[in-house]
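Quick setup: one chain, the form predicted alone, written in structure tokens, and binding and motion questions come after.
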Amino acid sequence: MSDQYLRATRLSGELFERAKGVFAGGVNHNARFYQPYPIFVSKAKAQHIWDADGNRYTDYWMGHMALILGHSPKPVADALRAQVGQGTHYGMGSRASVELAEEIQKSVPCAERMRFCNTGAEATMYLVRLARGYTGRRTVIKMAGGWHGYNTELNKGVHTPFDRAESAGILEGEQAFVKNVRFNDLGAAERAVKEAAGDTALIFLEPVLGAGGCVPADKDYLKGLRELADRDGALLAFDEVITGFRVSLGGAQEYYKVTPDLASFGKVAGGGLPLGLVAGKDEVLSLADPTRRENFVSIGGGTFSENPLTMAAGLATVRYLRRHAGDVYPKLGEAGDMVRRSVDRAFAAEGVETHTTGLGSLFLTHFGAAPRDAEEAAGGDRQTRLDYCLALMSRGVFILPGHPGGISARHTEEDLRRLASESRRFAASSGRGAQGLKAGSGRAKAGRREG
């Protein structure tokens, strides 16, 4: 399949060689690299992207899953055109920032107060700082495979072997009070809280693991974590950068009916432009009030926080989702269920075992047994997954290798049926039926796949 990919994407290959001359590794986000090289995109509209060679793809990456309404949806494009004429950066607040925050406050159960910043990674950094400032404690319990951005403390235990920093240049002491435990294992969290002996500031997790394999949390597990945090006097926080405004209007906390004390958001809430935000209980967020004299928690936000372009795009998106929630979310949920069922049935028809995980409009196909956590997801056949994604690309379907897919409101039933049929075609063709897949399905080493 790689030969076909190389022939079809020659100009992307040339751009990648040029990119390596100016960017470390030729990319500006580790997730965007895959072998033999990534495509370079020239334009995007609705559910499609086009690469430098003019190939059109039905896109399931959707800008790191940020584009729930598709590429350049009319409400967002109109809002941005209107805003550009009024200014692109104020360095101050605006009516749109207040209105966007009010829309989020109405939608998200825990969002009594919030602060905007520029990325999800910033939001998770501030979230940890707030939790420690509020509780006066140090220890943060996170889940193995949980991805919370590139901030130093949380950049730990995302990939196997899950017990070390993800990067050189991080001092051991900088992560000394971050403890990794197994996802979907309440007992592991209980033991970590007990070992911390009253020093747990925060229990922090993605309700659906992103980099850890698109594995949803069990409902009883989240309820158990809520009870555990309450018993211990710790805070519970959800990283909803992926799930926020995607699995439901109020995010995973609305879907699961478990309200955390704090949550981080990004992606969808920015309408396709850079945004991060930390939201939560008023008594916790009030620590960031700059008029506060004692126990003040500093949240800078950044030069471009609440910039008017992002505020316009985010407001247009969230307003649309609020007004059409009764239509958008049921359809996206049904679409996700259809993909998860139909892709696995397509492979099963050729004698290949797959398990497509996810929740709502999120999905990821695993070659092998169904995973319940990041450890099990890491044991799947990653080489076959890469071959599968490259084969899909050669047939006009784009899923970023190793990453979850995100369905948008612009994808059609025909798009979803085609994904299933191309999956079966991959299993059946080029010796890749049941015997071919089984023969070539060694457990490849886990690669970098942050969200």
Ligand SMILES: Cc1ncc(COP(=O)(O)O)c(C=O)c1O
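Just count from 1 along the sequence shown to find any residue number. These numbers were taken from a predicted model, which means no experiment stands behind them.
A second form of this protein, the form predicted together with this ligand, is not displayed here; the remarks below concern that form.
**Q** Within 4.5 angstroms, counting heavy atoms, which one of the listed stretches 72-80, 305-313, 142-150, 86-94 is next to this ligand in the predicted bound form?
**A** Stretch 142-150 is the one.
**Q** Report the residue, out of 362, 178, 258, 121, that has at least one non-hydrogen atom within 4.5 angstroms of this ligand in the predicted bound form.
**A** Flagged contact: 121.
**Q** Could you tell me which one of 252, 108, 202, 242 places a heavy atom within 4.5 Å of this ligand in the predicted bound form?
**A** It is 242 that has a heavy atom within 4.5 Å of the partner.
**Q** State yes or no: in the predicted bound form, is some non-hydrogen atom of residue 246 no more than 4.5 angstroms from a non-hydrogen atom of this ligand?
**A** Heavy-atom contact with this ligand at 4.5 Å: absent for residue 246.
**Q** Give a yes/no on whether residue 64 approaches this ligand to within 4.5 Å in the predicted bound form, heavy atoms considered.
**A** Residue 64: yes, in contact with this ligand in the predicted bound form.
**Q** Across 180-206, which residues bring a heavy atom to within 4.5 Å of this ligand in the predicted bound form?
**A** Counting only heavy atoms within 4.5 Å of this ligand in the predicted bound form, the single contacting residue of 180-206 is 206.
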